[in-house]
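Single chain ahead, written as structure tokens, the form predicted on its own.
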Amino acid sequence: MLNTTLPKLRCPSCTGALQVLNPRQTASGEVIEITSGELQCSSCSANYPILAGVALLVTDVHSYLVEHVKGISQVVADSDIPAAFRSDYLEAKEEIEIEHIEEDLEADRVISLYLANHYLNTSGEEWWKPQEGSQSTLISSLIREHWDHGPFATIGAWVDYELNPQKQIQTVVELGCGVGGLSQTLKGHVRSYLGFDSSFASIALGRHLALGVPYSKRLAIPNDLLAGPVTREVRLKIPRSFDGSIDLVVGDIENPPIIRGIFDLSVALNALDMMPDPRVLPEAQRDLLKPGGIAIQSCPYIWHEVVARDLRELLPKTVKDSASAAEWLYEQSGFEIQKKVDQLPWLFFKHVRQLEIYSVQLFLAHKTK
């Protein structure tokens, strides 16, 4: 965690201000990377550890460490786990199963999917090409046609050409940021970007890719699964220093560990249909924004049936499709929809024989209240 990030953070339990205790740190000019220590709330005295540079700002630290042990243990030494939680953490570590189910946000294949989706493009090496055997001409053509033209590119165009000629957008927060690839799209166009996500593995990798902080694992994506789940190494240009303009922390959308009302733009991509109560997301985006701020949201609307059932009971009878439901939720939360793309292809590369295509709705909304 960077020292320049601290003023933007708040206790996820009570929104109190935070202070750093017992830090270990390294410096890049005036910007300091806090590699370990604790954040303590000045109001409720709750403590939140910093592990391998990742600030863990969740309401239940004990449960988080146990549930996310797979991702944490790959980059954090056991001795760095706070003593109060270490016994249960080590017990959970012994029970880790090596698999790649994609509901597990700490699984290697899930993280490699985010790595590819956020940081790879089609201008260089054909990373989607099998290292052995034949190539699917269909998969190759779909990647070449659509890969570089998804939500990141559209958001970049909106910010660069339509909002920022007037310098309307300078501070950005991303909810559910994954490995933080959007920060690279916006870099140079805004003054600061802060992302948070519930996955420790995503934040640890994202901070390496976006800031250049140390990371002990190799960068790889799936190739032919016969060789293993994540086997093709990729080379990326990693920053050699950081200037304090970008950072990523662990946090939950339900309790954002961020100071309210200071951002020009809040972004949430592919998160709305993952929320048990979808109303939480537009409300969280709204609360983080300044008056008149902008929210951007995208989603393929793959609802869980329980969530869809509850949502149908909430919506007016005139709303009959998912895109209209999302717009209604944001309008009810105090937004006015200004721009949208209803069917935007977003590709996810699973391996050389599997390419998933989602059609997402992407819209930009202005905070009116």
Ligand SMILES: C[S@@+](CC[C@H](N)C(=O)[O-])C[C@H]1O[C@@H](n2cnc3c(N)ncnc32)[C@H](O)[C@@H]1O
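The first residue of the sequence shown is number 1, and the count goes up from there. Quantities reported herein were computed from a predicted structural model and do not represent experimental measurements.
FYI, the form predicted in complex with the ligand isn't displayed, but the following is about it.
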To verify the annotation, which of these, Leu163, Ile259, Leu142, Met274, has a non-hydrogen atom within 4.5 Å of the ligand in the model of the complex? Met274
Consider the chain as shown here, without its partner, and state which of Val159, Leu269, Leu209, Ala116 has a heavy atom within 4.5 Å of the ligand in the model of the complex. Leu269
With the partner left out of view, is Asp264 within 4.5 angstroms of the ligand in the model of the complex by any non-hydrogen atom? no
Looking at the partner-bound form in the model of the complex, is Leu105 within 4.5 Å of the ligand by any heavy atom? yes
Against the ligand in the model of the complex, would Ala201 count as a contact residue? Criterion: heavy atoms within 4.5 Å. no
Contact flag, Cys177 vs the ligand in the model of the complex, heavy atom cut 4.5 Å: yes
In the model of the complex, segment of 282 to 290, 213 to 221, 247 to 255, 230 to 238 with a heavy atom within 4.5 Å of the ligand: 247 to 255
